[in-house]
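Single chain ahead, written as structure tokens, the form predicted on its own.
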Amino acid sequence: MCVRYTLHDVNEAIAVIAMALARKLIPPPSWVDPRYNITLTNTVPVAASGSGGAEIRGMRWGFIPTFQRKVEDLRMWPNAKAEKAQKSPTWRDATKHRRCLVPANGFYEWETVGSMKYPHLFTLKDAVPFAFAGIWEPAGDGLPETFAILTTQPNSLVGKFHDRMPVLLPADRMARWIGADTLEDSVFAELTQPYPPERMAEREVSRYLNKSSNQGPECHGPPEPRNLKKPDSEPQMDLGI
């Protein structure tokens, strides 16, 4: 599961992807501002294949399959289970032909104690930027390009807080993921394995993060004392996917 993440150093994160793909990638100036609290429906920079090769484009988080766009009760998918992505009608075509890289500096999961929700930030060791393994859907029917982040079984670090974790791609795996050519099953399975816990870091951060509209470095501030009993006003999404 991944419904919140941070991209607080856009230039550095995109530079890592550009080096991995051996390609110059330039985000529009409006996307350079730090984003500490990205959530569903936000438009963010994504690296995807274009007519001239990989490029950075703005996509909305919340995958909407083409065949579902005329349904009255439109559903957006923030995540796709890696174990089902190659076969499910919802994600199958995108998994085969439209795999993307979603630049990030970290992601969040929540620890629930009674009515209190305590956010935890997960990063790679030394805070090195990475990419989520993503899939995307073309624009159409009045909708922009949309994307979802693949999830997998959690490693021992993330598993303390949730039964899923996003698929993380360090620089040496990025070029193998992005593209429009179907991956062999063995390669897909290798790339979507849980990331090794010993190569990650985790820390509790401020409950200021819990409100999705809050931004800024305060989201990464120190955690409040746990004897503060004021319940959170905005529960975290858990869509079970």
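Residue positions are given as counts along the sequence shown, with the first one as 1. All of these numbers come straight from a predicted model, not from anything done at the bench.
Not pictured, yet referred to below: the form predicted together with the DNA.
Q: If you check Phe147, Phe130, Trp91, Phe107 against the DNA in the predicted bound form, which one has a heavy atom within 4.5 Å?
A: When the DNA is considered in the predicted bound form, the option within 4.5 Å is Trp91.
Q: Give me the residue from His97, Arg75, Lys160, Lys125 that has a heavy atom within 4.5 Å of the DNA in the predicted bound form.
A: Exactly one residue meets the criterion: Arg75.
Q: Look at the candidate spot formed by Asn79, Lys84 and Arg164 and say whether the DNA comes within 4.5 Å of a heavy atom in all three of them in the predicted bound form.
A: Each of the three qualifies.
Q: Please identify, from 205-213, 50-58, 179-187, 26-34, the stretch that has a heavy atom within 4.5 Å of the DNA in the predicted bound form.
A: Going by heavy atoms within 4.5 Å, the stretch is 205-213.
Q: According to a 4.5 angstroms non-hydrogen atom cut-off, is Thr39 in contact with the DNA in the predicted bound form?
A: Close contact exists here: in the predicted bound form, Thr39 approaches the DNA to within 4.5 Å, heavy atoms only.
Q: Considering only heavy atoms, tell me if His8 and the DNA come within 4.5 Å of each other in the predicted bound form.
A: Output for His8 is no: heavy atoms all beyond 4.5 Å of the DNA.
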